[in-house]
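One chain is shown next in structure tokens, namely the form predicted alone.
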């Protein structure tokens, strides 16, 4: 009787995990191909590439600000030599009459306002001096001023970091709650959505101001600088997550009815795995686009809070883009009234409003341009 021999099983031995590795490699290649297609569509959008270029520039400035001299939590206080006897500030050579110029490196100021130093217009980087974008006078008339360029450079990491932290934390909380609400439905959906409706019914800026007042009073005046920033971020996050919860819930309601979700349930996948592998990955793209749109609004809101007179920073002015813009607008009334009075020679500090405002505007418009292009690149219907 011939000896019976069994053919070796294709899943036995060292090759047992080969199909899994092959499947994993195919999935990775498919994902990389999708990213390449997205980038191909994105780079054809001129406005999106302009926005991306501006964002890269802001990130480079934020990283380079850590090598900028001086502390990052405050700005250097300057005072001019013309009509100024102040102490505790960095002296800058200033003069009032053009014919009385002391020489190179000195700044012409208004004879009525010794703190108004215009921008230095020169093509030589060696003669720009300490105030290339002009001065910012927090209190007109006292002869003290700050460097706008230094404030914008030092403010880059604060504005970008606070914006990304606030919107990112709100988006993460909203994604988790929205996915749970849309996938489970029933009582879970009802409870989460009613809490979300309560927060959405309160004006966001008003809620931030109330939370800042309550948290600051509860934690006391001994709150550290980073603690104050943490309170600010926490107050914004509490008001930011409901929008993402609504957005993700609507997407989750659509995704949970797809056939691949039903197949996963039939295959024995638990709720946690379905949420992690199917629901959350398919609601990420709308969240990413909304995230891009929201990041540019945070410096504007910070400026509004400072303009309303709420003390959110330990020093004034604080090197943050929205804060510098708010201070320049606060001083606008003083200079406008002076210039509107007949017979009074005045100097309008246009640079105090232009450069901080232009920085905030470029940051907001860059993320909007990039978000619009990213939305078009991620939409399969627009790829065809």
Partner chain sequence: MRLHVYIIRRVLLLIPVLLGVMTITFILVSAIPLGQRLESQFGQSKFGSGPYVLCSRFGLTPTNGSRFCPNPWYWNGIRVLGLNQPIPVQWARYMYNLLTGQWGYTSAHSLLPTVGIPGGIPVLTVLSWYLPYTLELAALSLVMIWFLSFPIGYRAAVRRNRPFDQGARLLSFSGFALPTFLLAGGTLLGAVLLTGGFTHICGGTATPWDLWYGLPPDPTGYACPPYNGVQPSWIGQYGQTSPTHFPTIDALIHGQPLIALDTIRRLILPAFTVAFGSVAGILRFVRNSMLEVLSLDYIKHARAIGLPERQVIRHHAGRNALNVTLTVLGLTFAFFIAGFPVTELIFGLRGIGLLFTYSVRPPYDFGVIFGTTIVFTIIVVIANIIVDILYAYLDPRVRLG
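Numbering follows the first chain given and starts at 1. Nothing here was measured: the structure is a model prediction, and the numbers come from that model.
Only in words, not in the display: the form predicted in complex with the partner chain, which the text now covers.
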Considering non-hydrogen atoms and a 4.5 Å limit, does the partner chain approach residue 139 in the predicted bound form?
no
If we define contact as a non-hydrogen atom of the residue within 4.5 angstroms of the partner, is residue 285 a contact of the partner chain in the predicted bound form?
no
Does residue 32 make contact with the partner chain in the predicted bound form, using a 4.5 Å heavy atom cut-off?
no
Exercise: residue 335 in contact with the partner chain in the predicted bound form, heavy atom 4.5 Å:
yes
Of the candidate stretches 200-208, 158-166, 250-258, 229-237, the one with residues having heavy atoms within 4.5 Å of the partner chain in the predicted bound form is 200-208
All of 55, 147 and 319 within 4.5 Å of the partner chain in the predicted bound form, heavy atom check:
no
For the stretch 352-374, which residues lie within 4.5 Å of the partner chain in the predicted bound form by non-hydrogen atom distance?
353, 357, 360, 361, 364, 365, 368, 369, 372
